[in-house]
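So this first bit is one chain, no partners, the form predicted on its own, shown in structure tokens.
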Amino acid sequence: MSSTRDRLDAATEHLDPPVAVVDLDAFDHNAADLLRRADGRPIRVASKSVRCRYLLERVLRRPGFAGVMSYALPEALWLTRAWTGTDLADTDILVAYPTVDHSALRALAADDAARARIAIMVDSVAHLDLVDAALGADHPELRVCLELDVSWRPLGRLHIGARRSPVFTPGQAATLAAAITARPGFRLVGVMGYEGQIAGMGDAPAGKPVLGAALQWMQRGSAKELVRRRAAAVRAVKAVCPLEFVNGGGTGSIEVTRADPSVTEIAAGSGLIGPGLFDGYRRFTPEPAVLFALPVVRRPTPGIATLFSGGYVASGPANRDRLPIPQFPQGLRLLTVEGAGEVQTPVTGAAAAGLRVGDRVWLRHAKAGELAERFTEYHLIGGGVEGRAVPTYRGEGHSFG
């Protein structure tokens, strides 16, 4: 591990921290491992977990990756325009979340090329009504995808999973599909379901074997129920109209999702990056591909080194697992009473005593794409392009969140 730290330090010694890097060797390794796990099922890249056009383009040019799952319609429009006239011009983009952005909808309706490549998400007739209100009832045909709620409800009212679509049963899916196909200006092209209770929850949390066993039990039960219900829902929708794709999964559930014959493609993105939250999974171990360095600016005690800034806290429940993770040098941890702060982040542990003012500490973000909201560029190491810097979405002047 010290060799990894030395490599990071040497590659960025001419840069003043805070600085973020992408280890392209690790990134490419992770991409290959996602394909191995998908076992022939195409992977749609979840851009929310990347938020860097260079990295998206790099992985999309690998056989086995096909299409983008974007997180906002303005993002999808931007990517479509950016790739016009390139080898990625035919990339289709699924917007993973419903949009109520009237200006973006107007831009989509006015762009023939974008309408041919982009599908927006709906889970109710209310979404169709909003589009009609924004564009007029005579708007050009828009591609839409129906989102199925793939949470688990083992006791009826008990809900385990993300609160997303209200469409839970095959009957509800068929009813919405019929409403979409009967509505002028819309074409149903796909079904999507994100099993967050499997993909987004590590089943082997460090030091918590009882919780790990409970999570494994929950995920087995959820997967068994989901295969039956999703297949029935897809059959019900296909009885109404043909589909181009059925999307499922996430990096954490690829093995479960690929076993579902009703799914035609798998969504994944975080596995390319290897963030801290993915340390608690049994099925796979991605290599850390994106790290950031903070400088030591104070030594308040012999056992504590204080780093500049660092409050890059991940979204989700406000738990300690949303904080950055000190990676190098090994043997560091955050202080419980301070955590990671906007202007300073103290660290302690066995390695803290050896740190001097001006040294750098390498950390990993808890989630994959959110670090790109903090940095305007990523510095590349490895991959045959050592020393190059590429802009993040923020560096290109965009923040779609």
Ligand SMILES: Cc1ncc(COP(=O)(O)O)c(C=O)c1O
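Just so it is clear, the model here is predicted, and its values are computed rather than measured. Numbering starts at 1 and runs along the sequence shown.
Absent from the display: the form predicted in complex with the named molecule. The rest refers to it.
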key: Contact test, all of 292, 327 and 378, partner the named molecule in the predicted bound form, heavy atom 4.5 Å   = no
inquiry  = Between 168, 245, 308, 97, only one gets a heavy atom within 4.5 angstroms of the named molecule in the predicted bound form; which residue is that?
reply    = 97
Heavy atom within 4.5 Å of the named molecule in the predicted bound form - the one residue of 347, 52, 363, 69 that qualifies = 69
query = Hey, of 82 to 90, 269 to 277, 256 to 264, 170 to 178, which bit sits against the named molecule in the predicted bound form at 4.5 Å between non-hydrogen atoms?
reply = 269 to 277
message = Using a 4.5 angstroms cut-off on non-hydrogen atoms, would residue 192 count as touching the named molecule in the predicted bound form?
response = yes
ask   = So in the predicted bound form, does residue 143 come within 4.5 Å of the named molecule, heavy atom to heavy atom?
value = no
message = Against the named molecule in the predicted bound form, would residue 229 count as a contact residue? Criterion: heavy atoms within 4.5 Å.
response = no
message = Under a 4.5 Å heavy atom criterion, is residue 372 part of the interface with the named molecule in the predicted bound form?
response = no
task = Taking only heavy atoms into account, state which residues of 242 to 258 are within 4.5 Å of the named molecule in the predicted bound form, ordered by sequence.
result = 249, 250, 251
